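So this first bit is one chain, no partners, the form predicted on its own, shown in structure tokens.
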């Protein structure tokens, strides 16, 4: 059994408004979730204490929802609560991922399904942030913005041009002529460097290390920050990186910082690289992880650190599903 939630508001406590609002809410829930009426076991309404003129359950029956049991209850008076609000829960007899519907003024009750919102996930290399971010984006039906891929592309450009990634002046000059684009194909991010898809090439170990070095330069970080903010400003995104919640999107709606023991992170990265056909040594990966941690946390501009309002998640002994479930629960608690 699945529970689908929804809510809406009315402007005035009048029967006709309640009828219209309830009908609109239930029809959108049914259509968005591709429900058959006989799949609904029961519908439970609650309305704020300032609604007296009509029971939402009666409005639902008049809208044709007579195939299931209907209940209405009045909520207690809560100071600061959204006024003239009708909430609903539909109990449905099938297993699927529900789409919750919040209409009119009730949209403010669910930041995770409003027009635009962002989830910031920071953490060191190998903490699982990219895998978790992709899973969240998939579950919430929003885009995943791989900010690390953008820095990797900058590093790849420098390597290809024979530019020392530690030379800020040379890197800054190079960046002026680099065309970096992030495009989405079937909701999957593809990274293009000067018109060429480099989504796979930027995952090479030497590019990863060079990306950590090149990202220390203020000019590079500012350039990438502008691109990331522009993307996050026009669409809902899950962003992962090392400074999303502290520097790129300090006002992100939801912030998390993932970490894990160095040995655990090294094993994850080793297995990832081996699965892609790379010949690597575990001890070398561990050494790189430790070195990157120090480099990322001590850089002068936007160092790796946990934002004051971020939730810390140690993923050392957690599966990806457990981490995703924890974050989704934390988001639900906040809203």
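Keep in mind it's a predicted model, so treat the numbers as computed, not measured. Positions refer to the first chain, counted from 1.
Just so you know, the form predicted in complex with a small molecule exists too; it's not on screen, but the next bit is about it.
**Q** Among 231, 211, 182, 171, which has any heavy atom within 4.5 Å of the small molecule in the predicted bound form?
**A** The residue in contact is 211.
**Q** Which one of these stretches, 93 to 101, 145 to 153, 172 to 180, 189 to 197, sits within 4.5 Å of the small molecule in the predicted bound form when only heavy atoms are counted?
**A** It is 145 to 153 that comes within 4.5 Å of the partner.
**Q** Spell out, yes or no, whether the shortest heavy atom distance between residue 221 and the small molecule in the predicted bound form is within 4.5 Å.
**A** So residue 221 counts as contacting the small molecule.
**Q** State yes or no: in the predicted bound form, is some non-hydrogen atom of residue 244 no more than 4.5 angstroms from a non-hydrogen atom of the small molecule?
**A** Heavy-atom contact with the small molecule at 4.5 Å: present for residue 244.
**Q** So in the predicted bound form, does residue 265 come within 4.5 Å of the small molecule, heavy atom to heavy atom?
**A** Because no heavy atom of residue 265 falls inside 4.5 Å of the small molecule in the predicted bound form, the answer is no.
**Q** Please tell me whether any heavy atom belonging to residue 203 falls inside 4.5 Å of a heavy atom of the small molecule, as the geometry stands in the predicted bound form.
**A** Answer yes; at least one heavy atom of residue 203 falls within 4.5 Å of the small molecule in the predicted bound form.
**Q** Is every one of 269, 292 and 299 in contact with the small molecule in the predicted bound form, taking contact as a heavy atom within 4.5 Å?
**A** Every residue of the candidate spot has a heavy atom within 4.5 Å of the small molecule in the predicted bound form.
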